[in-house]
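Shown below, as structure tokens, is a lone chain in the form predicted on its own; questions about how it binds or moves come after it.
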């Protein structure tokens, strides 16, 4: 009886959220699925072709390459993002002198637009006019100087680094909030028992933050699968397709080739992959809930 009364109170509050979800997520999703089952002519007329667009994807080497690059970007980005973000958040949780300055310094890039950051780093990466290669040569590390965005071996990692540099502040803030929620009595008890700070971090703090880390990892996977702006501005998918992700390929197919049905099929596959990966990560990384 109580549950029924609670439901009557809660449902009206949820209706606006359901309406927005239907308008901005469900309708575009079903519309995209509908488009993916059609073929567009140059005059804009649609012809129903069933699953032909999906069958094209199976044998498309460009799509396979872009999918591989998307996974690489996700993995490389996770390696570039999580260790530094956890380290910075852990350091800031120790109440360092100048903590507010460091928080501002780490978070500042987040407020810059993607376009500004992309153009700035494109200049920094420039082999002769930029700052990175001359700095390396000035330090006697000229062998490490590269044509960062022009070399297929380094372009994807270079763009991924910029994406991580731009957004790491948000992840640090979320991790700082997680560290601050940990019970101080447990940490103090560990210190009294003689545990070092490294042992406390890996054996107590990170396991207690398992749910937060799982959520952040899922968010990173979703974000990196949607990577578009940094790549489009900095490399346009080049050189030789080495930074082409599903997002940039989908854009080119839709707006350069006017093949909207095929691009929609790529979008549907991308959504399915994201949902499957999120489900797998949630399943694999799920731990018993800790009460503290």
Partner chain sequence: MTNSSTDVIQKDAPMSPPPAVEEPVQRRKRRRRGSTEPRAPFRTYHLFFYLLLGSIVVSTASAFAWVFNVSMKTNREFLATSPWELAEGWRWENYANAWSGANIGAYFGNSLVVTLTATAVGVAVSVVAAYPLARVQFRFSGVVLAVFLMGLMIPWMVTFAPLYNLMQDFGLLDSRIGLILVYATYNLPFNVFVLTGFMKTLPYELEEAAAIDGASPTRTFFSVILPLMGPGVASVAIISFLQNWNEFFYALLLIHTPEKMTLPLGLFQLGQAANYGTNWVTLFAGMMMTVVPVLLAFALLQKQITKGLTVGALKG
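Residue numbers count along the first chain shown, from 1. Everything numeric in this text was worked out from a predicted model, so none of it was measured. By rigid core we mean the largest C-alpha set that fits within 1.5 Å across both forms.
Absent from the display: the form predicted in complex with the partner chain. The rest refers to it.
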Q) How about residue 247: is it within 4.5 Å of the partner chain in the predicted bound form, going by heavy atoms? A) yes
Q: Check whether residue 93 has any heavy atom within 4.5 Å of a heavy atom of the partner chain in the predicted bound form, and answer yes or no.
A: yes
Q: Classify residue 260 as contacting or not contacting the partner chain in the predicted bound form by the rule of any non-hydrogen atom within 4.5 angstroms, answering yes or no.
A: yes
Q: Flag residue 68 as yes or no: does it have a non-hydrogen atom within 4.5 angstroms of any non-hydrogen atom of the partner chain in the predicted bound form?
A: no
Q. Check 153, 220 and 286: does every one of them have a heavy atom within 4.5 Å of the partner chain in the predicted bound form?
A. no
(Q) Suppose contact means any heavy atom within 4.5 Å; which members of 5-27 contact the partner chain in the predicted bound form? (A) 5, 6, 7, 9, 10, 13, 14, 16, 17, 18, 20, 21, 23, 24, 25, 26, 27
Q | residue 272 C-alpha moves between the shown form and the other one by 2 Å or more, core aligned | A | no
